[in-house]
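Coming up is one lone chain in structure tokens, specifically the form predicted alone.
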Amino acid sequence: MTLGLINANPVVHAKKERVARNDDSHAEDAVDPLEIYDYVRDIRDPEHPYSLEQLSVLSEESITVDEKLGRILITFTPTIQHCSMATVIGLCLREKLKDCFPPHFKVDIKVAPGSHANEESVNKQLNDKERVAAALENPNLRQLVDECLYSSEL
């Protein structure tokens, strides 16, 4: 076990089976929360060799879509209240989803209410375009995000 882990013994859950979805021809442009979940569920946690799904950081219910308002809300729950990797998880979600939606959709990424000691600060960082861009310009942070997104160890 690596020294210095914030949560050295996370609870790991089994991966759910992927559900085959029927393509509905009249809903071609509709944004489906379950498709979004399927797309992001395998992102690796920055601290552990498990997916966000396996650590219950994300669930199918944590993604909501309001087609009329053009808003997508992704709420995630860090494994512990003082998780120092919460912003990295949010950056991974934002980076993975950056080109997935029609341009009129706004994507909000937030920690679940009451799930993080610095909830307001984390939410502000994750939904400020300039802060996100600046964070991703940091080569070390960029490498960590890329490792979480493109890890083949899962």
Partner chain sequence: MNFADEIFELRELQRLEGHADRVWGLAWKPATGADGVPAVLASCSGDKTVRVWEQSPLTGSFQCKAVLEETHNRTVRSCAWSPSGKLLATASFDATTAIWEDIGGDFACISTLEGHENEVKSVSWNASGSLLATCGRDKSVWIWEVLPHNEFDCVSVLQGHTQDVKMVQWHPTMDILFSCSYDNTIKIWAEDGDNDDWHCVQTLNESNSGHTSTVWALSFNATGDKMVSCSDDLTIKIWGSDIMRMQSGDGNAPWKHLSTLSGYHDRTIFSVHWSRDGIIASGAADDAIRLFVESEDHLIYKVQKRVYIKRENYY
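What you are looking at is a predicted structure, and each value in this text was computed from that prediction instead of being measured. Numbering follows the first chain given and starts at 1.
The same protein also exists as the form predicted in complex with the partner chain; that form is not shown, yet it is the one meant from here on.
Peer 1: Taking the partner as it appears in the model of the complex, which of 59-67, 46-54, 111-119, 124-132 has residues with heavy atoms within 4.5 Å of the partner chain?
Peer 2: Careful reading of the contacts points to 124-132.
Peer 1: Would you check, heavy atoms only and a 4.5 Å threshold, whether R71 touches the partner chain in the model of the complex?
Peer 2: Yes, R71 lies within 4.5 Å of the partner chain in the model of the complex.
Peer 1: With heavy atoms only and a cut-off of 4.5 Å, decide whether N138 touches the partner chain in the model of the complex.
Peer 2: Within the cut-off, so yes.
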